[in-house]
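Next up is one chain by itself, shown in structure tokens, the form predicted alone.
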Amino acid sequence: MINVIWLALIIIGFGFAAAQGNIEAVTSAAFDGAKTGVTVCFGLISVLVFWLGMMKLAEDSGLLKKIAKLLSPVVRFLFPDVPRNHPAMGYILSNMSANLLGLGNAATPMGIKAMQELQTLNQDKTGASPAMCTLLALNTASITLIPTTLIAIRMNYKSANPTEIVGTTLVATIIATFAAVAADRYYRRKFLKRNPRPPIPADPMQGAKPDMKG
């Protein structure tokens, strides 16, 4: 559907430019846009490589595990139907830790792994479970301490103070996260009231250790 919308926008743009006899402006804008895209991508590569390296250092030094341990009570509150020692918990904690550091690209594979593990607990394989919806809401509106990608884009466009958005981003993501959690709690209770499910075994993965490497 998105491809159809983009194609329609391009065709309409060409149509209006041709009708006004200004078709060369479209060609110029297309090449300028492509050049800008490549420039921005190269600008992002250096910053993302740096932060992914920092993420690896944080993981190897044990910092990520400490952050995950700090977040454990919050995660157990948000995902009450996921057993404590299930591998999904490790991936969820890693995903939240990466999002806190603004490492969206590093958080994505962990989020996918968490979804795959949550699917093993899902009793209805054709639909998303409440825990999967909670993870999606949190991943979309996660609290971000350092908006790495935005800072990289602002640096690429020669911003005078590329880090000035840190405070604003933190406040905005905190509000978004609380709104997402509130909506998730409301609809989770509403859904479970209509579709009561038998409780999941207390600890089906007894003895298994969460995989923190993603």
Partner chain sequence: MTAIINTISAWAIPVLIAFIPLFAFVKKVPVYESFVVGAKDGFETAIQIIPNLVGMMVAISVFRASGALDFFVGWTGPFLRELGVPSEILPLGLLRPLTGTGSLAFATDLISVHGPDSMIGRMASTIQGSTDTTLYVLTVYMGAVGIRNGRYSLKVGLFSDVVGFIASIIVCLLFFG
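Just so it is clear, the model here is predicted, and its values are computed rather than measured. Just so we're on the same page, rigid core means the largest C-alpha set that superposes within 1.5 Å between forms. Positions refer to the first chain, counted from 1.
In what follows, reference is made to the form predicted in complex with its partner chain, a form of this protein that is not presented.
J.: Is residue 132 close to its partner chain in the predicted complex, meaning a heavy atom pair under 4.5 Å apart or at it?
T.: Residue 132 belongs to the contact set for its partner chain.
J.: Taking its partner chain as it sits in the predicted complex, is residue 74 in contact with it (heavy atom to heavy atom, 4.5 Å or less)?
T.: Outside the cut-off, so no.
J.: Mark residue 68 yes when one of its heavy atoms lies within 4.5 Å of a heavy atom of its partner chain in the predicted complex, and no otherwise.
T.: Judged by the heavy-atom cut-off of 4.5 Å, residue 68 is well away from its partner chain in the predicted complex.
J.: Contact between residue 137 and its partner chain in the predicted complex at 4.5 Å, heavy atoms?
T.: Yes.
J.: So which bits of 137 to 174 sit within 4.5 Å of its partner chain in the predicted complex, heavy atoms only?
T.: Stretch hits, in order: 137, 139, 140, 141, 142, 144, 146, 147, 148, 149, 150, 151, 153, 154, 155, 157, 158, 159, 160, 161, 163, 164, 165, 166, 168, 169, 171, 172, 173.
J.: Please check if residue 35 moves between this form and the one not shown, taking a CA shift of 2 Å or more relative to the superposed core as movement.
T.: Superposed on the core, residue 35 moves its C-alpha 2 Å or more between this form and the one not shown.
J.: Could you check, with the core superposed, whether the Cα atom of residue 146 shifts 2 Å or more between this form and the one not shown?
T.: For residue 146, whose C-alpha is compared between this form and the one not shown after core superposition, the shift is less than 2 Å.
J.: Given that the CA-CA distance for residue 170 and residue 37 shifts by 3 Å or more in the predicted complex, does it become closer or farther?
T.: Those two alpha carbons end up farther apart in the predicted complex.
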